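Single chain ahead, by itself, as structure tokens, in the form predicted on its own.
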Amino acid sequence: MKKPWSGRFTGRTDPGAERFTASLGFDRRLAPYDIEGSGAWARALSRAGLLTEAERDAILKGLEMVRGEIEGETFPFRPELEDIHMNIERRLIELIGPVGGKLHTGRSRNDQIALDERLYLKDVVERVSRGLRTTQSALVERAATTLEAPMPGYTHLQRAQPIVLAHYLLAYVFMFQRDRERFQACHARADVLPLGSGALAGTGFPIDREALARDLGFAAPSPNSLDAVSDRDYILEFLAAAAITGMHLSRLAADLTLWATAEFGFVEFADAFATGSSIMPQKKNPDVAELIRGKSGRLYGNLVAVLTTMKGLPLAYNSDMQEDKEPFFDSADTLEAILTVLPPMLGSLTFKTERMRQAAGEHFATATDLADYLVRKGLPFRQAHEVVGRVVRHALDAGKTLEALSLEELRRFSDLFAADVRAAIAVDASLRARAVTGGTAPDAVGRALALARSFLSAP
């Protein structure tokens, strides 16, 4: 089949090279955006006097016919035409005749693909943002019922201080809010129209790019044609936001996977989100959570792949940039898949709150509260820290818990200990003491919960 650029050439393209350079296998998903952009370009050409109204209307009708074929899965995709742009253009000409060949006037595939990707990205960002909000909603719902449910907090994976489960769940709500903000910022920076930049120098026809931007829903046209066709920052920013989101999702999945072990016993996955073993009949594996954790690797890899592709490319467009699409599409698909399965999984978890409450007070979890008790009695914190460290060492040697030590034993280490020390080191007292904004006291967590709920009403 004759290539659209064949006038310069006398020889045929090597079949292997043709297969190697074709992008139709992955860029065909951009078809709706290519048709949308082509319709807007036809209207722009008409406003510039380059198409008659009849020609414009014929092209617009033909594009809708192409859209119908694609949606009806009857469109004749032809890999030898290299990409989705040329497939649509060739089919348009077949359907409406030579007038279809006027559509590409003043336009390059360089500004065309940049437009398609930006339109696609803006749609993806909206879907990802909705998925993150749905995930936040699931976490908020669980947090609302666990404001009074103590559990151990950890540092270095060692039990540290008591917190409430709601405080833990809301931590991820705030992480995902930052993710939403990053994606919205990415959306704003992608909201720039590249069409009309031509191959690199701008179009030579009097196109009203401001009107074209309004037609396609962009905030403004790009101010520099070289930048417009060679820029892939919008994709890199999306991939970076996706990688950070993947890291947050992975951390949540990692904790839940750990908590489901017999050693922790804090949570049980519903059968709908777990699998069994092919050999060990007793097993219940948290495969969905493990795969969420694992998919962070491909989100990271996609970012690094495109960063590496773009590094050192001379202005303006280079075919290397074709390699942006598969990582971009894969990250979009991966995020959307995770954000579809995660909210119902979170809603189906069974938290073993009694086991969590028991664990919250074990392993000297309120030792910091014992030091704080001495501080309130007037002892400098560093001295209080040392005193309590020696108390803990004594308890370990004696095989006792902190609560099991008698007042007499405690007073061997400081005469500031008094009868009220028992109440100070109870788990509930430890929680109530941390009532500062952002703390784990139920009242403070309740205020954070109200803030988290406000995120759910934001677009």
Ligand code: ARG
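The structure displayed is predicted, hence computed values, not measured ones. Residue positions are given as counts along the sequence shown, with the first one as 1.
What follows is about the form predicted in complex with this ligand, which we do not show.
N110 is the sole member of S129, T257, T368, N110 with a non-hydrogen atom lying within 4.5 angstroms of this ligand in the predicted bound form. Contact annotation: of the candidates D231, E89, D179, D83, the single residue with a non-hydrogen atom within 4.5 angstroms of this ligand in the predicted bound form is D83. Partner contacts here mean any heavy atom within 4.5 Å of this ligand in the predicted bound form, and among 315-323, 164-172, 344-352, 280-288 they occur only in 315-323. Although the partner is absent here, D34 lies well away from this ligand in the predicted bound form, with no heavy atom inside 4.5 Å.
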